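Next up: just one chain, as structure tokens, the form predicted on its own.
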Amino acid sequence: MAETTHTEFTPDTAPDGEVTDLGDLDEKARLGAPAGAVDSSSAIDGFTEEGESLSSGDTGSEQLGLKKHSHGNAPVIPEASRGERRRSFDIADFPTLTGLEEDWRFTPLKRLRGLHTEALSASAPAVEVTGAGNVTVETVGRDDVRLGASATPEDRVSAAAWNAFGDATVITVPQETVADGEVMVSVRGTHAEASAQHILIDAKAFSKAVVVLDHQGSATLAQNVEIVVGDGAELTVVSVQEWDDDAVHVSSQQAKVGRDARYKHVVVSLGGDLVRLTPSSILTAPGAEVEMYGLYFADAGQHLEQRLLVDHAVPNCKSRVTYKGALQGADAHTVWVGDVLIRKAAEGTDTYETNRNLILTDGARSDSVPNLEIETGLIEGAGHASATGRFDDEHLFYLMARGIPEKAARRLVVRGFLTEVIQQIKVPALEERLSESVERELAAGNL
């Protein structure tokens, strides 16, 4: 695996490697400023730190995280570094989407039902929080200083949601508190008008909790979920999308992970017409560990998209990413894009990501794009893997040779393929419910 070199960007760090101000981590990218001056004394003529300098003329017009190719009016290409993406609370900083943007090229914009173009003025889906009695739940106004302190929108829909939401739900796990049960956050939609929602989950230092976001009903929703994992805390966040067939859901779920903290994020997407999740984990202090799991099962006509980021900004952190998907029916479409960024300061990083997709019928399409960006060679290890295919004939033969009918054998293979992710939830009642949902998906596909 070759090391890549990009424009140097070193986060402000304390002597022991901790990021002192997450807001400064990507200040230039957040404000949309240029990546910085390039040292004119390059060792190789014609090259800069961003790669080959193809032209000194027209640098092209800028789009969201994209710039025109230096050969002229060629299609746009992504910025050299994932860390250079713009972040802003101002929707005006994000140009109108065209579908040419790297972040949106797989998303059918016409099916967003106006989330990227219209005012998100309808009432948001109702939120009900039940479960742990020693966790604080508040409904606060948008002027609450805690909102937006740990996450900044990275795209136009997220910025639109930030500017449109009214009240926010804040869930706080107090310091050194072990939640006395799962925190169940029920999000229920009742209409298809465009709306915005904001949720903040704050696990204070040395706390421990499991929070489940359970999305059901009908909605057209742009959602921001802020997640703070304090030093030494252990937090699991499970986001379940079992929407009605007409729902459209675009959700940014950004986590800031502190020193020696343990954060697990699990995505399960089964329902909805179009569901697009962008989970991200920023490791801000040494010793942080992140696990990100995902399961998605797309039926005919469904679009289920997952775009994740793991940002290793400091030394000696670990991350693991495992996403699995199944598809059946005409025009079923899934997208998985996994970005792992290892910054120059992140020495001693240990990371691996994998995506597996099982296509069950003709007419389905799966796009899988793992991206690993490394700005230092002083790491423990880094890798990625991606595979998309049909049933393993050897597995089927093995089961059928032992008297199991073909249809039952196929279901066993799919069930075993997806169970690994469901078992990571560690909430028995929810695991049982989702296993039954997978069975219904298989039955609907006549497998």
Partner chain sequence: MSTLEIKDLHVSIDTEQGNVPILKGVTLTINTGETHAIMGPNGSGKSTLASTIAGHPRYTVDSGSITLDGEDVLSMSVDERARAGLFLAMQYPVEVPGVTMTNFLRTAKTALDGEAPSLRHWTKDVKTAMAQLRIDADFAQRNVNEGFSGGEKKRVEILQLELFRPKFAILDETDSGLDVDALKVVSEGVNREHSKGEMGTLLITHYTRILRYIKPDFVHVFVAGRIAEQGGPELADQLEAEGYDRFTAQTPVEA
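Positions refer to the first chain, counted from 1. Only a predicted model underlies this, so the values are computations on that prediction, with no experimental measurement involved.
Not pictured, yet referred to below: the form predicted together with its partner chain.
Asks: According to a 4.5 angstroms non-hydrogen atom cut-off, is His384 in contact with its partner chain in the predicted bound form?
Replies: So His384 does not count as contacting its partner chain.
Asks: Hey, in the predicted bound form, is Leu399 touching its partner chain, heavy atoms inside 4.5 Å?
Replies: So Leu399 counts as contacting its partner chain.
Asks: Is Ile379 one of the residues lying within 4.5 Å of its partner chain in the predicted bound form, judged by heavy atom distances?
Replies: Judged by the heavy-atom cut-off of 4.5 Å, Ile379 is well away from its partner chain in the predicted bound form.
Asks: Residue-level contact is defined here as any heavy atom of the residue lying within 4.5 Å of its partner chain in the predicted bound form; does Ala160 satisfy this criterion?
Replies: Ala160: no, not in contact with its partner chain in the predicted bound form.
Asks: Between 325-358 and its partner chain in the predicted bound form, list the residues on our side with a heavy atom within 4.5 Å.
Replies: Only Leu358 sits within 4.5 Å of the partner.
Asks: Note whether the distance between the C-alpha atoms of Glu394 and Asp331 decreases (closer) or increases (farther) in the predicted bound form, against the displayed form; the change is 3 Å or more.
Replies: They are closer; the C-alpha distance drops by 3 Å or more in the predicted bound form.
Asks: Given that the shift is 3 Å or more, do the Cα atoms of Asp331 and Asp392 end up closer or farther apart in the predicted bound form than in this form?
Replies: Compared with the shown chain, Asp331-Asp392 is closer in the predicted bound form.
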